[in-house]
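So here's one chain in two forms, each on its own in structure tokens, numbered structure 1 and structure 2.
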Structure 1
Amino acid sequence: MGRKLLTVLLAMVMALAIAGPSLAGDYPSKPIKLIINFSAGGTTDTAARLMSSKATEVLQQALICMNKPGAGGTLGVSEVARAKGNGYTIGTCNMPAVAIIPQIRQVPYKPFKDLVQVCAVMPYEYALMVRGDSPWKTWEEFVDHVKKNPGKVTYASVGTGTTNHLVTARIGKELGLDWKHVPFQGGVKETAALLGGHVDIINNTTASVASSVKAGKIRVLLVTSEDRLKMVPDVPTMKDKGFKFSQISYMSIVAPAGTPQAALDKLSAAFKAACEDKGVIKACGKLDLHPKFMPGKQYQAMLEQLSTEWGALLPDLGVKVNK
């Protein structure tokens, strides 16, 4: 009796296992795994899920979103790099996980060999911000203040080696500012420290503090992204202030190396449609997120250039470099 039952059970399991989707038919013939490299509820996660619903429509296959947060986004990216390049595992990616972190510490993937950029879907928008009740109304006033009080002013970032840290440090270096860097773990604690007056200025994504900016609790002094922001159209960008660089990081979609070109093209087209979809734009707009499509090749070239550029600067900015 016992053995018979076991045989039947095993047979059932095998039958279940074999009755999967067949290989025949065009890509995609089964659901695609989308690994989000930040935690559920964050900006990247929200944007990815909003877009994936539209991309699903175009691809005619479900995108299954999974969160693999941790270690500055490298954990999720390494999971993608490790996967088979068949087009059924893709992930979200941030600029530092590819262009900066691999130069600071060991990661188990080669950023430009093990991964292909499918496309960039959304620029993260960054700015330098101070408290709403602080005396500095403009960037110049703030720089003046730092120069008059060398070694007293503190700036916060979301962690060592993030673009928030590196860009701010580079600004300080070019202007000859003597100020102190305080790394926080993530934008939430950084913003709390600013609002509580424990640090003087922070570099953070603007979307995450939109509500506080509108309420006047936080003042944006300098936009560190390339273009002016819809949220604060009057605030100048770094370019306006004569800097030759800015804080460029896109949320992009990556696939493991070896993914067939046909699959990459289809995925890219699906996300292009999602970025340009009115519903997606409106839903993202409520959160001050602004999707913008960029072809994978173009973004990849940009990343390689950023990688060399920042790599050369890291030691000067006081960041320990891996080997």
Structure 2
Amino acid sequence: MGRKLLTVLLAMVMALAIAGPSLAGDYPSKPIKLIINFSAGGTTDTAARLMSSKATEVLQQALICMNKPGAGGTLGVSEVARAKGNGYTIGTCNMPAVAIIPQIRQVPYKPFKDLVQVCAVMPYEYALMVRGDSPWKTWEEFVDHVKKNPGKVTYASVGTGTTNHLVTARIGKELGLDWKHVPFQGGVKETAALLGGHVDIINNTTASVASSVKAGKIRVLLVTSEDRLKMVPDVPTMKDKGFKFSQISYMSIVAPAGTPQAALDKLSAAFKAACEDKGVIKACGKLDLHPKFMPGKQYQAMLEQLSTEWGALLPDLGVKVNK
């Protein structure tokens, strides 16, 4: 009996010894599922698909893109978190899905334990926008309208707890605005609501509405990102208007905890190549998307800092913190 047990144990050790180097050398040996945590046609979806084309070349395996939108991006992230950590399921992730939303409500994952940040691949660029045929030509005109119509104006976001929601709420608090938040499942539905006249103003990525801005259907009133945007260079930023904060969020690639380091390294290298590829940069640039690579560990440190900062601000914004 003892000899049989020893034989089994030796066989298991040998199998593990063979499997470890095999993953490092052969990964990936089959297609990889990439779960996109926002709706088709939006900024995250578009950027992910453009980058995936180059990453596929580097990895020599297909990246199969699948959309899983909802709950401020947390539904897609949840699916990644509960997948096997074998390198064959990864996903896109927005900063709030890790750093903010889990502080507001229950999510089926522990953001800093169940997920590994492979790398950050693109900062989002945001602005507050109204319909092109609206009477408000400037930010000041819109603010004046809100103040004269307390409780009647609506602003939309891509979900409760996202930076789209919280930064707009923070702006309202500083200016003493009485307006109502309307959350949507992704930027596409949010934009449709604005164009349909169902909400008055939206906080969205400018890339997701580039064609509508150029066609005059949407007017950008205030850039909420740190710097002015190439698409609308004359539109002021929050800092231009005296605010001491701005909207910061990144699109990253995440994997389930336990994913072998060999797989993480290859995935990171593939997306780094995508971010630096001239063809990808050109294609993204036409859609006002601007890839920028950041190593996973560096981005992880940023996430932890942002989590602390937003956690301290949430009660002041009237947002109940989940304990």
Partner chain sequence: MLETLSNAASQALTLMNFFGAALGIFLGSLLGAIPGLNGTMAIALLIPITYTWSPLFAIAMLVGCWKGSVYGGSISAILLNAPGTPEAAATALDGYPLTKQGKAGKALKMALYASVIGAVFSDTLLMVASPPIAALALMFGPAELAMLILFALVVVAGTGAKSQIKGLISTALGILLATVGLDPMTTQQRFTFGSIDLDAGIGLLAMLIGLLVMSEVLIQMEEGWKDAHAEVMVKSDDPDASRVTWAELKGSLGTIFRSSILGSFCGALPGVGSITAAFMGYDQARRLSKHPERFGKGEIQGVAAPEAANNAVCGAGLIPLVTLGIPGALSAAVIMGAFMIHGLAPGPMLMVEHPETIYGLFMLLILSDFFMLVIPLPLMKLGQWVISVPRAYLFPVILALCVIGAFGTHQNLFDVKIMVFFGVLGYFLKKWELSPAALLIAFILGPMAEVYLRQALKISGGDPSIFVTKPLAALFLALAVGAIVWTTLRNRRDKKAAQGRVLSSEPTAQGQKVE
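C-alpha atoms forming the largest set that superposes within 1.5 Å between two forms make up the rigid core. Numbers follow structure 1, counted from its first residue as 1. Here the structure is a predicted model, which means the values were calculated and not measured.
- Message: Quick check: structure 1 or structure 2 for the form predicted on its own?
- Response: Pick structure 2 here.
* Taking the rigid core as the reference frame, is the Cα of N94 displaced by 2 Å or more between the two structures? -> No: N94 shifts by under 2 Å between the two structures.
inquiry  = Tell me whether L128 is among the residues that move between the two structures (Cα shift of 2 angstroms or more, core superposed).
reply    = Indeed, L128 is displaced by 2 Å or more.
**Item:** Estimated from C-alpha overlays, the smaller rigid part's rotation between the two structures in whole degrees
**Value:** Rigid-part rotation, C-alpha based: 23 degrees.
What does the CA of G196 shift by between the two structures after fitting on the core? Give it in Å to one decimal. The alpha-carbon displacement, core-superposed, is 9.8 Å.
Exercise for the section: Having superposed the rigid core, state how many Å the Cα of L229 shifts between the two structures. Expected result: Reported C-alpha shift between the two structures: 3.5 Å at L229.
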